[in-house]
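Given as structure tokens, the chain that follows is alone and in the form predicted on its own.
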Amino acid sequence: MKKTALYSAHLDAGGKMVDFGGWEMPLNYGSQIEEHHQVRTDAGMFDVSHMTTVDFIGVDAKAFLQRLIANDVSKLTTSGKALYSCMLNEQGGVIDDLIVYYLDDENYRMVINAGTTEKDIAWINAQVKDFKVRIVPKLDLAMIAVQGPNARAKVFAAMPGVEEVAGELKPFNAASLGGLFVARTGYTGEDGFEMMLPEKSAEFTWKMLLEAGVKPCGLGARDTLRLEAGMSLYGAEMNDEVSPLEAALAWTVDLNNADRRFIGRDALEALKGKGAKKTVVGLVLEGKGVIRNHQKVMTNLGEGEVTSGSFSPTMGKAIALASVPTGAVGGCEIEMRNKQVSAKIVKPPFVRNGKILV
């Protein structure tokens, strides 16, 4: 299995290592629940170096990205500004969800998911032949996400110089300090930074953050945090056969410019015309139990399926995201161990910035 530059640091911290898409990654460092609460109430850090950073360099970089992804990078005009989008196939299915950062008109940076890296790079290279763009995977970069209400303050305390360049950053913006790329983004529903830095600097940076009181957190807490935040997971809420319109991600699609014929646009316009038959909603269990992926959901409009289910440490009850018939509302039943258990349909997010919203 592949190992990140922080592998030894995880072992030193008592990380329980598991196979995650071919990477040996920490599931937790003792208590997933404690790590979850650490991020909601203070600050925690995650090794996300298994994700891949790709730079797009050249005179056609902007034009190529306008063709490649469903959101419109022409919205990005300030250096460091970020955009969330999906990269689609011709049928409108999601190849991957990603973040693009604008550096200048000939330089963009993209972060893609670990499990889809090979197919993403192959797809991108297959589409780029008519454009003057260099595709440069940055395989020598590590990534550390520091998240929580005290995350930014603790990063500034641990890393001299970062506050000067990132102290005034607004959400979904990034800045550079030498070889450090600091983005005010995250996957937990809390404030903080995602930082890209040379692999050789990763362990030293991790130790500085530890000394500033930032505790390491594993993949388990990362998943319950993102679920509470109502954030979609590739391979769960969306995949090659599910379009953004069917995954409650229509807000990531820009159809305003009729001349921008991005890949998958025709399929999305056809689906929008007839109406998507399914969407993703939130579920909150009304009784005891834990909602699991792929459990059957019966709504007022028919059957659906749980896409991501777990126990919410913040709420103290089971929650889920589920693909259900469009327009389904009110109560529903989830099939759990051959029994029907009552739940209610809600609009995500469940929790943001430490506050319960449903």
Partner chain sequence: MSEIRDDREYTKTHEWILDNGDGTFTMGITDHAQALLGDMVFVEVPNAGDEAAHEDEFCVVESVKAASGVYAPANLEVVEANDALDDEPELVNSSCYDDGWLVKFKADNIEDLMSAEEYADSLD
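Numbering follows the first chain given and starts at 1. As the structure is a prediction and not an experimental result, all values here were calculated from the model.
Beyond the structure shown, there is the form predicted together with its partner chain, which is absent from this document and is the topic of what follows.
Visitor: Using a 4.5 Å heavy atom cut-off, which residue among Lys207, Lys75, Lys288, Lys200 comes into contact with its partner chain in the predicted complex?
Guide: Checking each option against its partner chain in the predicted complex, the one that comes within 4.5 Å is Lys288.
Visitor: By the heavy atom within 4.5 Å rule, which residue out of Ile57, Met315, Ala63, Leu27 makes contact with its partner chain in the predicted complex?
Guide: Of the listed residues, the single hit is Leu27.
Visitor: Just one stretch in 327-335, 304-312, 39-47, 66-74 has heavy atoms within 4.5 Å of its partner chain in the predicted complex, so which one is it?
Guide: Residues of 304-312 come within 4.5 Å of the partner.
Visitor: Within 4.5 Å of its partner chain in the predicted complex, do we find a heavy atom from each of Lys16, Arg292 and Lys339?
Guide: Verified in the predicted complex; spot residues all in contact, yes.
Visitor: Applying a 4.5 Å heavy atom distance criterion, does Ser323 contact its partner chain in the predicted complex?
Guide: Outside the cut-off, so no.
Visitor: Just checking whether Asn300 would be counted as a contact of its partner chain in the predicted complex - the rule being heavy atoms within 4.5 angstroms.
Guide: Taking the distances in the predicted complex, the answer for Asn300 is no, it never comes within 4.5 Å of its partner chain.
Visitor: Look up in the predicted complex whether Thr224 has a non-hydrogen atom within 4.5 angstroms of its partner chain, and give yes or no.
Guide: Thr224 belongs to the contact set for its partner chain.
Visitor: Would you please decide whether Thr53 lies within 4.5 angstroms of its partner chain in the predicted complex, comparing each non-hydrogen atom pair?
Guide: Because no heavy atom of Thr53 falls inside 4.5 Å of its partner chain in the predicted complex, the answer is no.
Visitor: Within 4.5 Å of its partner chain in the predicted complex, which residues of 101-133 have a heavy atom? Give them in sequence order, or say none.
Guide: Not one residue comes within 4.5 Å of the partner.
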